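Given next, in structure tokens, is a single chain: the form predicted alone.
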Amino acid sequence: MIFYDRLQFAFTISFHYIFPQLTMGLSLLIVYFKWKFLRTKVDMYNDAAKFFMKIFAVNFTLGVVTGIPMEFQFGTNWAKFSELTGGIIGQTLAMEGIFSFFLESAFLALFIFGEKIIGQKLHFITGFLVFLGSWASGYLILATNAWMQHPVGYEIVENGKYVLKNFSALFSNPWLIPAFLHNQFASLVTASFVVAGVGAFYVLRQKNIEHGKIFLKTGVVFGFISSLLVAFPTGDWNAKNVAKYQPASFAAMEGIFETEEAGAEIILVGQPNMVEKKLDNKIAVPNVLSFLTYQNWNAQIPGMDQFTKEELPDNIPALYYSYHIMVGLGTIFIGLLGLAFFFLWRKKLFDIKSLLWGILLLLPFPYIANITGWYVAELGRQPFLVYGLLKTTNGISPTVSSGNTLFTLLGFAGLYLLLGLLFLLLIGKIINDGPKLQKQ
């Protein structure tokens, strides 16, 4: 039964995260466009802010619709988990709904419909509050997940439930800030690729060219900076947290089967062989992982041979491949956006069609990198729901059958297919209409 419970939640959350990963990053870019308009009085920046807020609104709506089933799954498929940990995670999830969601939705409506009524400066403030709400939402969700990854400030009462002993510890969790910053900058990479991709589309089609150039310039600059920040310091910070607090997961995601006495190599290419406990077709650079983790070329990093089967993640190949897909794509983003940034600086970007096609065709891949990044976090925590405390097998609902879970999973798949097609049609229409139609 647990297989279908996990599969259903993985499917619904993967589809759901297509939408908030764009809105969190795009909200910052919308604020930038509006600020740029107030500073320069160039109407195209105001057009850009309103144009991308329409794309934001569609994503926000689909994010809400697809997020609701996950809340219900806590009470259906994962009732025991909710019963035991609700005293802790219920607080952050409630705060996310009450403060962040309401803030975001209320001021989103004002931004879309209220420009003529409230004036330009207040219009900017409503956009900023939408940004604040979207990032606060991400922060509170990450606070929940950080407690599940590294539980702090709790105590276990007589009935076995976890209750919060120290509220401030929940928000000073050493896992939280690195995970939050890494997640937000990764969202900004997605948004930057969307903005730059729409710009490249317009320039290549010779339609809305001036708007397209602004989109390209903004997307490339923000994308290059954020892709660097995703790698360092936030990615490095997160990896060091995993090495410190989840060493078995660190060994699995890096593909370290055996402990090396004189420093650990970093794996560039290799396929986990779970029968022979090794990597096949390995290409590695000696000692680099030890230096990146501990700034010591000869530092020892425990391999999977140092842990029992019960301590290791229960799907090592999936964790390993997810991690390397995420890192590999992140490296490609830095390379492509760095090249685009160079040609933008040289004032040649808009004339290099191959580079514009590269930006356009890579647009889906930040979504893949973000989702595989979440897979790394969640697969690495297994076999625990709350790391070191609550096993996944002890958090399911004993009264919900596997048949019911599979039936609803198929229902979600069909419904989400229709929602996905509707989403693509709406976004396609907005992009085809173009930003000029957004003037009031």
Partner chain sequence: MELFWYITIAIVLSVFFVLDGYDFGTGIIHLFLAKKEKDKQVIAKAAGLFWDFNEVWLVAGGGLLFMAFPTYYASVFSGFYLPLIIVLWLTVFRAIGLEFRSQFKYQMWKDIWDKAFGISSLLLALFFGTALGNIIRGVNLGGVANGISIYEKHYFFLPLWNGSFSPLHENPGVIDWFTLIIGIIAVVTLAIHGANWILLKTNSSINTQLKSLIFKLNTALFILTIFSLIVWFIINPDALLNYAHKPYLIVFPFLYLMGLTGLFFIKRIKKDVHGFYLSSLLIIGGITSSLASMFPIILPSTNQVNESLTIYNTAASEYGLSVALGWGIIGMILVVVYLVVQKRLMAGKIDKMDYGEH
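Numbering follows the first chain given and starts at 1. The structure presented is a predicted model; accordingly, all values stated were derived computationally and were not measured.
The same protein also exists as the form predicted in complex with its partner chain; that form is not shown, yet it is the one meant from here on.
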Non-hydrogen atom contact residue 180 with its partner chain in the predicted bound form at 4.5 angstroms
no
Its partner chain contact at residue 99 in the predicted bound form, heavy atom, 4.5 Å:
yes
Can residue 107 be called a contact residue for its partner chain in the predicted bound form at 4.5 Å between heavy atoms?
yes
Should residue 145 be counted as a contact of its partner chain in the predicted bound form, where contact means heavy atoms within 4.5 Å?
no
Find the only residue in 79, 339, 312, 360 having a heavy atom within 4.5 Å of its partner chain in the predicted bound form.
79
Given its partner chain in the predicted bound form, answer whether the residues 264, 330 and 333 all have a heavy atom inside 4.5 Å of it.
no
Can you tell me which of 164 to 172, 241 to 249, 294 to 302, 349 to 357 lies within 4.5 Å of its partner chain in the predicted bound form, counting heavy atoms only?
164 to 172
With the partner left out here, which residues of 113 to 128 have a non-hydrogen atom within 4.5 Å of its partner chain in the predicted bound form?
113, 116, 117, 118
